[in-house]
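Below, in structure tokens: the form predicted on its own, a single chain.
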């Protein structure tokens, strides 16, 4: 079985993330969407909320599983018997950091490849950081994120 891990903080999940998941699903038999628990990064939403947003947004896509992880990504991928890590690239500016991470991951675990996927053009400008800023300032993010996330952002920043 060809299995891949798509890691991220998904704080929150965007339509761009969902597009990359759909693309990855066409290439692999199973995709594990791995939500990172990063104590050094201040998340707007709890790990449990982020996992639930993904579950609600993805629904029951065949052979897509949602999991949480902490520690080294390549160790998680190896434990899950995944042969690849999926990384989304929105712009050239993403590439340098992602390229360094891919090379380091290869050095740590040569059996796990990194696959870069680009989202649809209409999602290339989306980032969770920008979405949170728009929502914080009262802007409408409903066309950028799944409905469950849009509602949660409104609640989070209300009053």
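Note that this is a predicted model, so its numbers are computed, not measured. Residue numbers count along the first chain shown, from 1.
Omitted here: the form predicted together with ligand PNS. The next part is about that form.
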**Message:** Residue-level contact is defined here as any heavy atom of the residue lying within 4.5 Å of ligand PNS in the model of the complex; does residue 66 satisfy this criterion?
**Reply:** no
**Message:** Can you work out whether residue 36 and ligand PNS are in contact in the model of the complex, taking contact to mean some heavy atom pair no more than 4.5 Å apart?
**Reply:** yes
**Message:** Please determine whether residue 91 contacts ligand PNS in the model of the complex, using a 4.5 Å cut-off between heavy atoms.
**Reply:** no
**Asked** At the 4.5 Å heavy atom threshold, is residue 72 in contact with ligand PNS in the model of the complex?
**Response** yes
**Request:** Assess the spot marked by 3, 110 and 114: is ligand PNS within 4.5 Å of a heavy atom from every one of these residues in the model of the complex?
**Result:** no
**Complete:** Assert contact residue (ligand PNS, in the model of the complex, non-hydrogen atom within 4.5 Å, options 130, 27, 104, 61) equals 104
